[in-house]
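The form predicted alone is given below as one chain in structure tokens.
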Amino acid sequence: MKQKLGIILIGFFVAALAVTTLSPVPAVAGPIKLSYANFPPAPTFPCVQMERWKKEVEKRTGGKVSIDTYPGGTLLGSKNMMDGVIAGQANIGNLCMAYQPGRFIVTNATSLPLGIPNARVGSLVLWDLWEKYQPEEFAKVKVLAMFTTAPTNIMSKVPVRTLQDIKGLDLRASGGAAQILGAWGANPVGMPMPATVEALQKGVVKGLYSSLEVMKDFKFAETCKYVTMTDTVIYPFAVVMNMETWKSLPKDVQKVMDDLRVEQSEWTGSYMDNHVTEAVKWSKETQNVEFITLSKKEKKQWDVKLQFLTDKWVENSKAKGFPAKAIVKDIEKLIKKHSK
């Protein structure tokens, strides 16, 4: 009898232990983990703005969100950034729309030679343009920021003082900037910015056409001892989030990110302008780079050769169903608005 009672008690003990083991233990809720992919190296301005956004979101959500950043193409590259975010390979991604001119037609209109004076104005113009037209290519993502580079200039191993000097010169550029170089008679060579460092060293290109912060960020001032000031066009960027990720976030977290959108865009533009000033100073003082200013007469000759680009963009975009003339007029109005 005692043996049977012992067996029964052991049975109850094992059953109780099993129930205890299988019962769900209340989990301690941790922060929401998000991944943020970027393609340029960490010191460059798109990554500086990424780290600033990460810091602000983590601070403003009281640690409710934790963001892991991946600069230098370690998670997604420049060409597959948008599709990678849509597919969920990264929760957030930063892309340069100039790398895919046929895909981002409305926002890439800011790359036309319309006189955007600096990155702060360019960033606010780009944001307002996107907000008004809500282009279809952004329908599958949540837009978190829009910003631009400062205006582009020619950095080269040889001096470029006239249109004659630029003819046939191999210069790195992408998107609308490549068309501008072509209009001036140069030979535009398309390649990602990081690849340009080696291309310059090997003589594949004689220079590049970009905003001037790269003189310091990529140390181009060490090989390009001349800068010709054209201040022509900008490169547009966007920061986007996977839509499923966005929908899964708590409302208070969404509000923090929404409230940051215009602020982050303007902050990045202002940071870029200040960084360009620093890069120019560094290039002059430590690398003895010569900055060439075109005469009014010479500059006018350069500008005249670019008018056809806007006309051509209007014609092509109109044929695809876009209100092209209205978009150009909106950009011109927004430049005046944000330049005040």
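These numbers come from a predicted model, not from an experiment. Numbering starts at 1 and follows the sequence shown.
Heads up, the form predicted in complex with D-tryptophan isn't pictured, but that's what we're talking about next.
Three-residue candidate spot 40, 99 and 218; every residue lies within 4.5 angstroms of D-tryptophan in the predicted bound form by at least one non-hydrogen atom. Stretch 205-213 is the contacting one of 221-229, 205-213, 136-144, 251-259, since its residues have non-hydrogen atoms within 4.5 Å of D-tryptophan in the predicted bound form. Mapping the unseen interface onto this chain, residue 235 counts among the residues with a heavy atom inside 4.5 Å of D-tryptophan in the predicted bound form. With a 4.5 Å cutoff on heavy atoms, residue 120 does not count as touching D-tryptophan in the predicted bound form; it lies far away. Although the partner is absent here, residue 53 sits far enough away that none of its heavy atoms falls within 4.5 Å of D-tryptophan in the predicted bound form.
By the criterion of a heavy atom within 4.5 Å, residue 111 is excluded from the residues contacting D-tryptophan in the predicted bound form. Proximity to D-tryptophan in the predicted bound form, defined as a heavy atom within 4.5 Å, singles out one entry of 44, 61, 310, 69, which is 44. None of 178, 129, 200, 193 but one reaches within 4.5 angstroms of D-tryptophan in the predicted bound form through a heavy atom, and that residue is 193. Using a 4.5 Å cut-off on any heavy atom, the residues of 149-182 that reach D-tryptophan in the predicted bound form are, in sequence order, 149, 172.
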